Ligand code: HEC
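Below sits a lone chain in structure tokens, taken as the form predicted on its own.
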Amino acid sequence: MSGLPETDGLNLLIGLLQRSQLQLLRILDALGLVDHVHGQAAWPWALRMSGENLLLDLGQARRLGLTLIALAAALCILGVGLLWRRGRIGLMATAVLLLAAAPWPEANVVWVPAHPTSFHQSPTGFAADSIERGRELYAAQCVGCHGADSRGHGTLSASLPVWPPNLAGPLLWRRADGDLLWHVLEGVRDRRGARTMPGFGGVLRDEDAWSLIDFMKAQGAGESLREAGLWTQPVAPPDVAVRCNGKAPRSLGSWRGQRLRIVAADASDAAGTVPALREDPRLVTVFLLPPTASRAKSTAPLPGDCVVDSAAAWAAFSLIAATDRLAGTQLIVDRSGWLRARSQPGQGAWRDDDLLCRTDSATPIAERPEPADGLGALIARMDAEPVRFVKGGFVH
């Protein structure tokens, strides 16, 4: 996505629209004016404003922005007209002309059907344990139709009235998390009302459905990396407990605002040690121990100051990094908490094409000279090309 000021403004507009709807729902909930569905306040209307559509069609977003400006100006003019009797008729006519001349966007782009859960937010924090629970549920409930790789080629796919969608594509990021929850628990129907996917509300608890969504996102990120060589949609690192120098554990997500380097340790010995890495003030380094290096089985020194000791974390990072051999892999997380770069085992210096969550650039990667400090170049580019807000998901 371009870094032009206009595009930044449109992203800001889309973000404000989403947040304003969420705040409205919270106010209605505080006043006791809405019901609760699946554990959270239910959106009370059949339609909502669509940030995701506006992001895909920036022309319509631009028209909406100009229309809102015209609407605000018309309201100001009407306010002045109410106070100034002599010019009231002229001011009202001006306000009407402004609204008539405004470039109103297409209603079907701005407004989309909503579900009661459209603004529900996941309580899991995209935790590694939740992803692992979702893996088990997917194998039990979903793999027959959606396939082991979630691309819709399960053994039952051909017998269904509608072919299952490809969950490894951008679908999960173009839908609000709450809408995904609704589809999992309540099912999916086509435009004529015929059911195309059963609901699993009678089988899954709400927390199970959220875990299933976490797994599908993690697997989708890995499948994207495997097929396109990129994380085509931004993904956060799975949240896990981290122990640093004997202190009380803290969550990986608590470092938001700082860059992280996550290093998958080698399982060559019981401690899961890795080659020594130099201290770097630009990054907090967190070592991820393989399951065979559990602290419960070894009294050897930890490989670094901050360590993750969780089989679920190792499995979740392996899933997102699209590898069965995670040991030696390094991952960079930006200040906003998004996975941005990956270094392969034994690679050595960081390269520009290690940036796997990136914007388009006018200069092809192959034509850029290799900098002396590859990590420094990656950090500079991450800071210059931040992940931007989408809707119920994110885009970059």
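Position 1 is the first residue in the sequence shown; the rest follow in order. Owing to the predicted nature of the structure, the values given are computational and were not obtained by experimental measurement.
Note that the form predicted in complex with the named molecule isn't included here; everything after this is about it.
Comparing 311 to 319, 87 to 95, 248 to 256, 210 to 218 against the named molecule in the predicted complex, the single stretch with non-hydrogen atoms within 4.5 angstroms of it is 210 to 218. Contact with the named molecule in the predicted complex, defined as a heavy atom within 4.5 Å, is made by none of Ala327, Arg340 and Gly374. Although the partner is absent here, Ala168 sits far enough away that none of its heavy atoms falls within 4.5 Å of the named molecule in the predicted complex. Under a 4.5 angstroms non-hydrogen atom cutoff, the named molecule in the predicted complex lacks Ala73 among its neighbouring residues. None of the heavy atoms of Trp104 is located within 4.5 Å of the named molecule in the predicted complex. Although the partner is absent from this view, Val109 stays clear of the named molecule in the predicted complex, with no non-hydrogen atom inside 4.5 angstroms. Only one of the listed residues (Pro234, Gly81, Gly222, Pro164) places a non-hydrogen atom within 4.5 angstroms of the named molecule in the predicted complex, and that residue is Pro164.
Among the residues Ile77, Leu172, Ala127, Val286, the one placing a heavy atom within 4.5 Å of the named molecule in the predicted complex is Leu172.
Although the named molecule is not shown here, in the predicted complex the stretch 185 to 205 places heavy atoms of Val188, Thr196, Met197, Pro198, Phe200, Leu204 within 4.5 Å of it, in sequence order.
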